[in-house]
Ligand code: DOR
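The form predicted on its own is given below as one chain in structure tokens.
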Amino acid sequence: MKTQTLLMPLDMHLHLRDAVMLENVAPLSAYSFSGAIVMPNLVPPVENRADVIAYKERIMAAVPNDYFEPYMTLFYKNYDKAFLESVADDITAIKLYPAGITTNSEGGVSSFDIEEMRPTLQAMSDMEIPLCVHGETDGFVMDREAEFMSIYELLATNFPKLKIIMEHITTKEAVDMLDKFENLYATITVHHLILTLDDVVGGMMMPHLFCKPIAKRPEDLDALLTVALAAHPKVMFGSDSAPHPQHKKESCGCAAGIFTAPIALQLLCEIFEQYDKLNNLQAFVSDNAQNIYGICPEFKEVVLEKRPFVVPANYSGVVPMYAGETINWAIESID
């Protein structure tokens, strides 16, 4: 049987939610990943040191039997330098959401006034705290990410030493930005390496494939595949795995988010094998992230085997991508 070994896999964009949902989904990521950048958009959001510490404690309590490092983030506000100095040792990054653009982002940024943001962003730059950005406007849904490129340019040019992560990029325009500015990086999800909008709404509406940013056009998928499969040093894997209860997905007002955490590594093996690029998967799923963020996760070895695996219909009431379907890779062992 064909196998693939991955060392210290990292998920650089993960939603763990809280309370019962956290207890249900956190062990699934902790099982196969060494660590993850954990999103702060709870209700209320994680926006002070006490919030960070308490949330990390809840995460660790949910994964008592697995080594797993939650790399904590703050919900972006215009924080002052003194505050950032007080919390810098407890966080890995700060996450910026445009107001109301996605789940639990109502308290996000409503105006990208550089002078208002300058004290915070300059302090972050000086302290080497990365800025993770959900890069969408409130325009037409297929154009939102492309329209946000001008804001990335504004941030990158005004703060050239600030490490800016374009989160879950979905467009050719975002891929092209990587080589325009030295301080721009990106995460890419597994589902955006598979789906176009046609898969979501081209036939029957597929609620468990609906996410924000929404899947785009074939040419965008091709651009994402090109940099991911090449393990471009400025891109890294971030699942954006976003669990919702089944009744929130299969309803009017379908919640945005695709749950991929339990099958992400398996699907990545499938994609990279399809294009004969399995040798590049280690860099995409771990090495690049370690270099970009300057982190050093503890050792974990995940061995995957090419054999049929039937994806469970649900995980504690959360329906995953490809529920009930057979995929081509499975996790064989973890050390």
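Numbers for residues come from their place in the sequence shown, where the first is 1. Please read these numbers as outputs of a predicted model, since none were measured by experiment.
Beyond the structure shown, there is the form predicted in complex with the ligand, which is absent from this document and is the topic of what follows.
Checking G257, G108, P245, P262 against the ligand in the model of the complex, a heavy atom within 4.5 Å turns up for just one residue: G257.
Taking Q290, N41, Q282, S32 one by one, only a single residue has any non-hydrogen atom within 4.5 Å of the ligand in the model of the complex, and it is N41. Although the partner is absent here, K212 sits close enough that one of its heavy atoms falls within 4.5 Å of the ligand in the model of the complex. Using a 4.5 angstroms threshold between heavy atoms, D220 stays clear of the ligand in the model of the complex.
The shortest heavy atom separation between T120 and the ligand in the model of the complex exceeds 4.5 Å.
In the model of the complex, the ligand lies farther than 4.5 Å from every heavy atom of E145. Screening 204-212, 222-230, 84-92, 158-166 for residues having heavy atoms within 4.5 Å of the ligand in the model of the complex returns a single hit, 204-212.
The single residue of 109-144 lying near the ligand in the model of the complex is H134, the criterion being any heavy atom within 4.5 Å.
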